[in-house]
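The chain below stands alone and is given as structure tokens, in the form predicted alone.
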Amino acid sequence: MGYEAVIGLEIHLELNCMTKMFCNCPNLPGDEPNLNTCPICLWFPGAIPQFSHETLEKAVITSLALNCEIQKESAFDQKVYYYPDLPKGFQLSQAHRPLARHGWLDIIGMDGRTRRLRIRHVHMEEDVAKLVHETEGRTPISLVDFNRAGVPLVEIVTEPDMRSPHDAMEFIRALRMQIRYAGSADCSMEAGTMRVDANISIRPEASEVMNTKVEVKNMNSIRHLGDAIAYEMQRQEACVRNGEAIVLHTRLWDPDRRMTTPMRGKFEGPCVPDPSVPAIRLSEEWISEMKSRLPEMPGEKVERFINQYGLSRDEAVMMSSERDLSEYFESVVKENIAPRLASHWVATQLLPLIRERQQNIAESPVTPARLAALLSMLAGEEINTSSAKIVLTQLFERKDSPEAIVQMSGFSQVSDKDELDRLVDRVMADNPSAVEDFRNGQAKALGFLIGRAMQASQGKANPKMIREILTKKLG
């Protein structure tokens, strides 16, 4: 009997608001411990939470980016449990009346077809404090940093529509792209601003039964998410085949040992309506205003790039993969650079150099105007491709304009026909066997001769003209 996986995700996103959710403390969890605190986020008795309007706006924008229906009424509950990082004994969350429902994202499945994966709901909640485990002498101790307490989060809960690690990984990639475009969260698993838990169960293929699930936490990359799901599917299938019961509990992913390990039993504390934060009531007009703030989203941008710029679908998808990248590409094109030339150079030359330097495109010293100036010289045959690649590398190190670098370094392309005629005659005279090979039908000899000509010109000759002159002289 074959088995299939049933997978649902719970994604916590830290919203990039200026302040915490219920007070005016700065939203800077990475500062010195306990620097950004007040009686509200230290959870002193009697301190009344004051809900942030910015949190609401960014949570709604996030939900709209995920194609969710915004609920006209939502409310906070007290999610009751005690843990050292939550000493007040409850977390403010939206368990019963969430902010948004019925969203979806499309992914490309392993079979190459589009699959729509549903989102059950999106709700807001405050983050908890952070435990720091240290050793004082020989004694292990745990300290509490309240900088993170009260940081605004949204939790995105999917339907159990995923059937493979591929589905889950592609969903997170699509979600991250949508929300980064919307600008409401950074979505970095590595930096901890996005945290993903996976609920995994297995069942016989073609069955509709929902079996006992296991939750896996502590995955700080998309690759680890896929690896953890793949391992858990195999572990559960082995349990079933051996007659062992699957028990509801939480596990952790250990990337070093490449396995999940037991963490704790699954406990769901009670959720009771919170009396201190008023219910949220939204008008149609306000929701429409939030919709109007959404930028052009990736799917729309792909279609526009195809229609407006004549890019292939693969090129359009690449140029739309990040909002900063798409804006960079369009800025280059606006400098009268052919779109496909811009796309090719950004994808194959610029981005690898940026990644090599661990930069992002927004902070790159090669601005759209500088790249456009370089590509303009290339398109006008003032320099050749080989020289343009060298100049591009130097643009990362020097503040000079591309034109100045070309001039100072002697990269200007030689396109004088008489000069190139003499160069080709010299190359043919120096390589008679290659000339004879070409005339005997060995076409690859032409490439050899072009290479010799480029080498003789120190890479400055116009390769297009070299090819034309050689082809004519070789008959």
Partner chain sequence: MSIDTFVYRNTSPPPDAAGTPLSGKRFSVQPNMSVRDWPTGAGSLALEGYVAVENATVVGRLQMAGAYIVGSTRMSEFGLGICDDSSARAVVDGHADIALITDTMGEARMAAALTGLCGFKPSYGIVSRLGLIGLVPSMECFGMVARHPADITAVLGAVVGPDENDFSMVVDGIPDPGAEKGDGDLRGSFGVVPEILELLGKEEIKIFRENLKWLEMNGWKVHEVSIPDFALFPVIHNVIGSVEASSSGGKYDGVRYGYRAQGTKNWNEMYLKTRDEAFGFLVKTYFMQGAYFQFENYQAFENACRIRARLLRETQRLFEEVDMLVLPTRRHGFPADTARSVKETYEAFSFTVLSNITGQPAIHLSNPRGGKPFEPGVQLVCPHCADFRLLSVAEQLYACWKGGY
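Just so we're clear, the structure is a prediction, and the values are computed from it rather than from any experiment. Residue numbers count along the first chain shown, from 1.
The same protein has a further form, the form predicted in complex with the partner chain, not shown here; the description that follows concerns it.
K.L.:
Quick one: in the predicted bound form, does every one of Leu42, Gly89 and Ser276 get a heavy atom within 4.5 Å of the partner chain?
P.N.:
Judged in the predicted bound form, Leu42, Gly89 and Ser276 all sit within 4.5 Å of the partner chain.
K.L.:
At 4.5 Å between heavy atoms, only one of the stretches 242 to 250, 335 to 343, 383 to 391, 80 to 88 reaches the partner chain in the predicted bound form; which one is it?
P.N.:
Contact-bearing stretch, as computed: 80 to 88.
K.L.:
If you check His96, His166, Lys72, Arg223 against the partner chain in the predicted bound form, which one has a heavy atom within 4.5 Å?
P.N.:
By the 4.5 Å criterion, the partner-contacting residue is His96.
K.L.:
May I ask you to choose, among Gly441, Gly46, Gly30, Pro432, the residue with a heavy atom within 4.5 Å of the partner chain in the predicted bound form?
P.N.:
Exactly one residue meets the criterion: Gly46.
K.L.:
Wondering, does Pro270 line up within 4.5 Å of the partner chain in the predicted bound form on heavy atoms?
P.N.:
Flag for Pro270 set to yes.
K.L.:
Considering non-hydrogen atoms and a 4.5 Å limit, does the partner chain approach Leu131 in the predicted bound form?
P.N.:
Because a heavy atom of Leu131 falls inside 4.5 Å of the partner chain in the predicted bound form, the answer is yes.
K.L.:
Mark Tyr231 yes when one of its heavy atoms lies within 4.5 Å of a heavy atom of the partner chain in the predicted bound form, and no otherwise.
P.N.:
Output for Tyr231 is no: heavy atoms all beyond 4.5 Å of the partner chain.
K.L.:
For Phe146, is any heavy atom within 4.5 Å of the partner chain in the predicted bound form, or not?
P.N.:
Looking in the predicted bound form, residue contacts with the partner chain include Phe146, since a heavy atom lies within 4.5 Å.
K.L.:
Is any part of 243 to 262 within 4.5 angstroms of the partner chain in the predicted bound form by a non-hydrogen atom, and which residues would that be?
P.N.:
None of them.
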